[in-house]
Every structure is written in structure tokens, then in C-alpha cells.
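Single chain ahead, by itself, as C-alpha cells, in the form predicted alone.
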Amino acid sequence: MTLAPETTDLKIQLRLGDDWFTVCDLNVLLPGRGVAALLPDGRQAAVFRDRGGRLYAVDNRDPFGGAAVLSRGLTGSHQGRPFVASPLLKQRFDLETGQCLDDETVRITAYEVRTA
């Protein structure tokens, strides 16, 4: 994949409270694939870029299996909503809200994302 020159210096940032935290360069995100980012408090975020260029970030920890694996999950959409499916038990999580699409009682953290 070749990126336009004006996008190669961009950084991905997540909103953590009132501040923005830089997690990686935009050019490391391949459409449809996730990366794990270590946050200052020791948690991990799973960061994704879809084929349309939209960015998403959710908690990397699968609440059903307990492992930090959502960054390795498969992405897709259901009724127009982007999701990541856990590689462990295949539960799907909405990338915009963190809501589990397979169990309405479960939700993971979803982060606001920007490029800078």
C-alpha cells in the first residue's frame, strides 16, 4: 500500500480524559487490520483503519476470554455498523460504541480517535 505524501507524517491519537495521546504513525495501520497500543495506565487499545480510511479504537482486552487480542480480530460490518470479532470466541464489538453485538450486557471502552 502506498500512502499519499501528505499522510505519511500523520500520527494516530486517542483521547484519554482531557488530553490526546499519540499511539502510532498512520502509515502502520493497514486497512482491515488492527494494531495494539500500550496506554499510559498499562491498558491496551486496539486501533483500526477501515478500507474507507476511517479510524477506530477500542479496548484490546476481550471481556469474555480475558486476553488482550481484539487487535488481531476480524473486522466487518453488521447493519451498517463497523465491528471487530474477537479471535477467541468470535463475539463482535461495535467499533464506534464498544457495545457487544452478541451480548447486550457487555460493552468495552471505545476511544475517540484523530490524526495530527
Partner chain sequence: MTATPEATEATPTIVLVGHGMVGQRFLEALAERGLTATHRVVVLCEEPRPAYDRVALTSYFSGKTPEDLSMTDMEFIEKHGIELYVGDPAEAVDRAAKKVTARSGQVFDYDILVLATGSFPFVPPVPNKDAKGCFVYRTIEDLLAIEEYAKTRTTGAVVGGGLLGLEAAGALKGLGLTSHIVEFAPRLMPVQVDEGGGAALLRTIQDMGLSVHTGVGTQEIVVDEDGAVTGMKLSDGSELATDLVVFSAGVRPRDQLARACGLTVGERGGITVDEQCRTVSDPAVFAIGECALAADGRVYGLVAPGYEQAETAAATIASDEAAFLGADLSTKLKLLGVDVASFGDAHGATEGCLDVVYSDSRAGLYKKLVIGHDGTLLGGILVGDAEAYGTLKAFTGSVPPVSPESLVLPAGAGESAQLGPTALPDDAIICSCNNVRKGTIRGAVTEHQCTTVPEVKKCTKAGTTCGSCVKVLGQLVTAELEASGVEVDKGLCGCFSQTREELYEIVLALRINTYQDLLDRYGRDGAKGGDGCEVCKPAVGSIIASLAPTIGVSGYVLEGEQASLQDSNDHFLANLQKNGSYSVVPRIPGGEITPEGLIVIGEIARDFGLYTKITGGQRIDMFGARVEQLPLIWTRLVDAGFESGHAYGKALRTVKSCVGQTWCRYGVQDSVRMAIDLELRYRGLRSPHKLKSAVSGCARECAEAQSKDFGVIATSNGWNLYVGGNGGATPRHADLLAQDLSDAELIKLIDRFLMFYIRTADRLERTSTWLERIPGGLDHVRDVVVDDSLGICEELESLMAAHVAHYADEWATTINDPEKLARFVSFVNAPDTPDPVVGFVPERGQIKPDLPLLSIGMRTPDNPADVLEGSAQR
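Numbering follows the first chain given and starts at 1. None of these values were measured; they are calculated from a predicted model.
The next section is about a form of this same protein that is not shown, the form predicted in complex with the partner chain.
Can you check whether E104 is within 4.5 Å of the partner chain in the model of the complex, heavy atom basis? Flag for E104 set to yes.
Since only the chain is shown here, I'm wondering whether Q13 would be in contact with the partner chain in the model of the complex (any heavy atom pair within 4.5 Å). So Q13 does not count as contacting the partner chain.
Even though the partner isn't displayed, in the model of the complex is F21 close enough to the partner chain, meaning a heavy atom within 4.5 Å? Yes, contact at 4.5 Å.
Report whether the minimum heavy atom distance between F48 and the partner chain in the model of the complex is within 4.5 Å. Output for F48 is no: heavy atoms all beyond 4.5 Å of the partner chain.
Going through 83-103 from first to last, which residues have a non-hydrogen atom within 4.5 Å of the partner chain in the model of the complex? Read in sequence order, the residues that approach the partner chain (within 4.5 Å, in the model of the complex) are F83, A85, P87, L88, K90, R92, Q99.
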